[in-house]
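Before any questions on how it binds or moves, here is one chain, the form predicted alone, in structure tokens.
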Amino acid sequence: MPEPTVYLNGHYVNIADAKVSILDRGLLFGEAIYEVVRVHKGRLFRLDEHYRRMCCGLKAIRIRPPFTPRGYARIFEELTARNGVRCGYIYMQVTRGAAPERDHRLPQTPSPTVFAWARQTPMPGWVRFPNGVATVSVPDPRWQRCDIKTTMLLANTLAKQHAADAGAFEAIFVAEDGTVREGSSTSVFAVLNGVLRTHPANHRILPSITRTLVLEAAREAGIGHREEAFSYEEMLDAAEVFLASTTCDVCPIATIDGHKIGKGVPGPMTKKLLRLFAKKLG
């Protein structure tokens, strides 16, 4: 199988030939924003929304977007074509770039590093896990700007590994007061008293594109829904709980910390939202 072609600073190169400076501030300080865009049937899904979110993140950490909307789209289109991706995703990362030396102060004339690569992946989570997945809860030690999609993901990677060590698919962050926030790489939804609920979009969670899509589908279908936080105890008592993300779509949860959710299988609202989600994908 040929090595994938990646994009790096204006060039399309073999992944083995892609190199960045050891003084890149994305490496030294985690000063980078990233996006993951779904590819479905060879088409890029909701690219404009991903572009807007990336620009918001870049502005928040004081990096000027290095491309126009059309330039951004062209990179994704080219990578999809060059790598023959039909079902998968494209990852893009923008760092502040390399500076003459390691200095906590921001460089005066930064030149951002832009890297992107495409990946063919298996079927989405709801196809691979039709009976739902096991999850575990973890304390939330993250900083107070989780709304910025930065590459500073140490807490997330440790949480994901904690889940893997426990034989689970995902870890769910729970605040000190018992509030459920989100998964290590997913949004979390619960059906409580017949109403779909998820944590409000604020600085405590990532404003997920898939999360927005689920809420949009619920609204169009007349499903009662609220962006309102719920507790860990409420989540365990919920009729249904599911995850949502670019890489797993809508993925039902069967257990949390060994506790069976509902009947331990995907519930009617989750199934309905799965159908609506699939319809939106086309």
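The numbering used is simple: start at 1 and walk along the sequence shown. These figures come from a predicted structure and were not determined experimentally.
The same protein has a further form, the form predicted in complex with a small molecule, not shown here; the description that follows concerns it.
Visitor: To verify the annotation, which of these, Thr179, Asn83, Thr113, Ser184, has a non-hydrogen atom within 4.5 Å of the small molecule in the predicted complex?
Guide: Partner contact (heavy atom, 4.5 Å) among the options: Ser184.
Visitor: Sort through Val241, Ala32, Ile256, Ala244 and report the residue having a heavy atom within 4.5 Å of the small molecule in the predicted complex.
Guide: Contact check passes for Ala244.
Visitor: Looking at 71-79, 208-216, 95-103, 129-137, which one sits within 4.5 Å of the small molecule in the predicted complex if you count heavy atoms only?
Guide: Flagged stretch: 208-216.
Visitor: So in the predicted complex, does Val36 come within 4.5 Å of the small molecule, heavy atom to heavy atom?
Guide: Yes, contact at 4.5 Å.
Visitor: Going by a heavy atom distance of 4.5 Å, is Arg53 a contact of the small molecule in the predicted complex?
Guide: Residue-level check for Arg53: yes, a contact with the small molecule.
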